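The chain below stands alone, shown as structure tokens; this is the form predicted on its own.
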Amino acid sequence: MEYLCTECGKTYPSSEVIWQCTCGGLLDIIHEFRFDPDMVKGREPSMWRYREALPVKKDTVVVSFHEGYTPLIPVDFGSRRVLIKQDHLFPTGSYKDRGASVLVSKAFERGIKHVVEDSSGNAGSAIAAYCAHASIQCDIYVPQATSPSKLKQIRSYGADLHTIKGDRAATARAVLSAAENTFYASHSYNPLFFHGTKTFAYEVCEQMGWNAPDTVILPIGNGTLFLGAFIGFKELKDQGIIPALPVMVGVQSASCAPVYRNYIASHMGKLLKTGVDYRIDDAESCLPTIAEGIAISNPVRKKQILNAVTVTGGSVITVDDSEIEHSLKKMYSSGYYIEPTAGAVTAGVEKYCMTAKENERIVSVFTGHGLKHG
């Protein structure tokens, strides 16, 4: 395994305690491995059953609660049936445990004793829990308006909690100062996190008989699940296990939709053949939304998210708070208790299904448990 800078192309050995290139560029991971579906036979039903594909090799350093391999269940959206991954059933109540398990395992392997992370709640809870399990000191930075339930959860794990005035962007700026001298266990900057969330794709394909769905509908805030799933599906295609990538559809809140805005600008430019030059690094201010988990005004990996949409022939859609609330009520009445950010995804699924092709195999996700809200 090596780290590769996405800007200057510089590589770093896996032994480096690093989360960003010296040039300021984002890092990706170069990880050469061989994976065959037969390898998982007889292994425990957790995300670590795909350990050849994960950048942590020694069993003794794995920090795990035996998480993963969440149920893939059929859920009806009107006349359409969609397969939903129940990632709200993870130990801390969200899919972020996927990334936290891999990232904290690597930190433990390197002997790191203290980490910092910024979050709207779920990633902070996940990093705090896995750090507690590994006896690693942890400081979590969150917006002051974060749901009280998430704040209580983070504190309960023993993390030092820092509430920051302002929006999610203000919290991100605050943590960067701390990250100058402490390992940044970031779910957006640190590429290790994405190699945990990629297990979503492995699980989906295995649960579908090592076949890929036609379409995957996932949330886009920082893009941790969206990009992770893209990495996972691409690896499975490169390994010759699936023949093609699924179409990837992202969902954003209409109150905070920077990826959607860039997607539309690019798409319209191509349709009109005007050569519209949209700026990937444009940030926009976010309006309040109940989908706090995806209220990210300027995702640091926006360019990579848009590339994943383009490569898979996907799209980005938005839903407003009224649509989210309407979808949540439907989910509750069916017995599924999910948080509002997860409701944004199900609202997006409802909207997508209105124009979906007949017999299209669609997969989506419950990202977080309803008990985390309030």
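Numbers for residues come from their place in the sequence shown, where the first is 1. Bear in mind that the values here come from a model prediction, so they are computed numbers and not experimental data.
Unshown form predicted in complex with a small molecule; subsequent notes refer to it.
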{"item": "Candidate from 215, 190, 105, 120 lying within 4.5 Å of the small molecule in the predicted complex - any heavy atom", "value": "120"}
{"item": "The unique member of 201, 115, 128, 294 whose heavy atoms fall within 4.5 Å of the small molecule in the predicted complex", "value": "294"}
{"item": "In the predicted complex, residue 98 touching the small molecule (heavy atom, 4.5 Å)", "value": "no"}
{"item": "Any non-hydrogen atom of residue 341 within 4.5 angstroms of the small molecule in the predicted complex", "value": "yes"}
{"item": "4.5 Å heavy atom contact, residue 223 and the small molecule in the predicted complex", "value": "yes"}
{"item": "Proximity of residue 219 to the small molecule in the predicted complex, heavy atoms at 4.5 Å", "value": "yes"}
{"item": "Candidate stretches 253 to 261, 177 to 185, 135 to 143, 88 to 96 - the one whose heavy atoms come within 4.5 Å of the small molecule in the predicted complex", "value": "88 to 96"}
